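Below you will find one chain, with nothing else, as structure tokens; this is the form predicted on its own, and questions on how it binds or moves follow later.
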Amino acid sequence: MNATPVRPGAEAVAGKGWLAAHKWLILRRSSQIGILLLFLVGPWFGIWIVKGNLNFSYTLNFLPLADPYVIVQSLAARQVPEKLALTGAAFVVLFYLLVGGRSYCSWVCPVNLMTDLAYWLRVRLGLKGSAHISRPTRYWMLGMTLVVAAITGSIAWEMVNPVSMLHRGLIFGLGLAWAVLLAVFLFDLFVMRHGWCGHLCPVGAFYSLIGKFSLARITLPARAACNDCMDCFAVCPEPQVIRPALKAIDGTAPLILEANCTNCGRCIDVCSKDVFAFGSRFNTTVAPVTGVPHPAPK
């Protein structure tokens, strides 16, 4: 009789307690839902803390914020953005240069809530099969959105961008947007693990380019304590970013510098040995690997 498989993070829950083993997940969900509510309390209840949407907004009637990806598409379409939009985009770029570009994906993007739900269901339903799409495909998608903008003279991608469609839909009604959002959900559930966010989404690809130079990073201060439980690989939406730092491949420091790390904190939560922590890109001298190297994951 086969033993029931232990879900990733079970050892962390047993060792640290449920709250400590879900701390970053709770904070991340609070951020995603809280940001959504800031946008929605205005049109829903007349409390205008934030006006606009994720493409462009005013916070407290004085702070402009604009999506730099939309600005780049505008420039590709030969549409010169207003000075205020450029200022708002500069604020956003500076912010993500500090906290990590793809932090947008795990701490802000509302579609992430939906794709995480698809992954949660996928695990619990025991769905194992997965299509294969190369992760660099998202950069081809990013390039195509800019080419289309240049050819059409419009920000065409924003008409079908699931992020924009979901955000608009919550305010004005989903309409036909439900079909696109349902397709993304079903794709992640039945076709490919982390398929949309991890392999296709051009928004994530764009923010990863900013994240390449960001200050905040996942560090591995207790790398030598790793017991090869593989829980971090199981929960990470971008597991390829972990191995070089965890296994000291080619002398890599205990620091994840790969641009596609989303700084979601999943690896911190599920690790019973507290191998991972948030830090900065300058944390390169913490606890090196000692003793016999761990075998590389297959």
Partner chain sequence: MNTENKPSAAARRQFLADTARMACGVGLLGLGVGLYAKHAKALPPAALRPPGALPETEFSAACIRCGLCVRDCPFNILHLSKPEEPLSTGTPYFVARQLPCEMCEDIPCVKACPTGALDHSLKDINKSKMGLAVLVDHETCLNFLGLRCDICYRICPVIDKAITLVPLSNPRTGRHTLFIPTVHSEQCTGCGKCEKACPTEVASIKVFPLYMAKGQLSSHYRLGWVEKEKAGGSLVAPDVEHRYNMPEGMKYESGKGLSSGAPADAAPGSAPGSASGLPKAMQGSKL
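Positions refer to the first chain, counted from 1. Every value quoted in this text rests on a predicted model; they were computed, and no experiment measured them.
The same protein also has a form predicted together with its partner chain, omitted here; what follows describes it.
Pick from 164 to 172, 215 to 223, 95 to 103, 108 to 116: which stretch has non-hydrogen atoms within 4.5 Å of its partner chain in the predicted complex?
It is 164 to 172 that comes within 4.5 Å of the partner.
Quick check: do M192, S208 and C261 each get a heavy atom within 4.5 Å of its partner chain in the predicted complex?
Answer is no for this spot.
Heavy atom to heavy atom, is N53 within 4.5 Å of its partner chain in the predicted complex?
Judged by the heavy-atom cut-off of 4.5 Å, N53 is in contact with its partner chain in the predicted complex.
Partner contact for M144 in the predicted complex: its partner chain, 4.5 angstroms, heavy atom
Although its partner chain is absent here, M144 would touch it in the predicted complex, with heavy atoms inside 4.5 Å.
Is P43 close enough to touch its partner chain in the predicted complex, meaning at least one heavy atom pair within 4.5 Å?
Contact check for P43: yes, within 4.5 Å of its partner chain in the predicted complex.
4.5 Å heavy atom contact, C232 and its partner chain in the predicted complex
It does not: once its partner chain is placed as it appears in the predicted complex, C232 has no heavy atom within 4.5 Å of it.
Suppose contact means any heavy atom within 4.5 Å; which members of 90 to 116 contact its partner chain in the predicted complex?
Nothing in the stretch sits within 4.5 Å of the partner.
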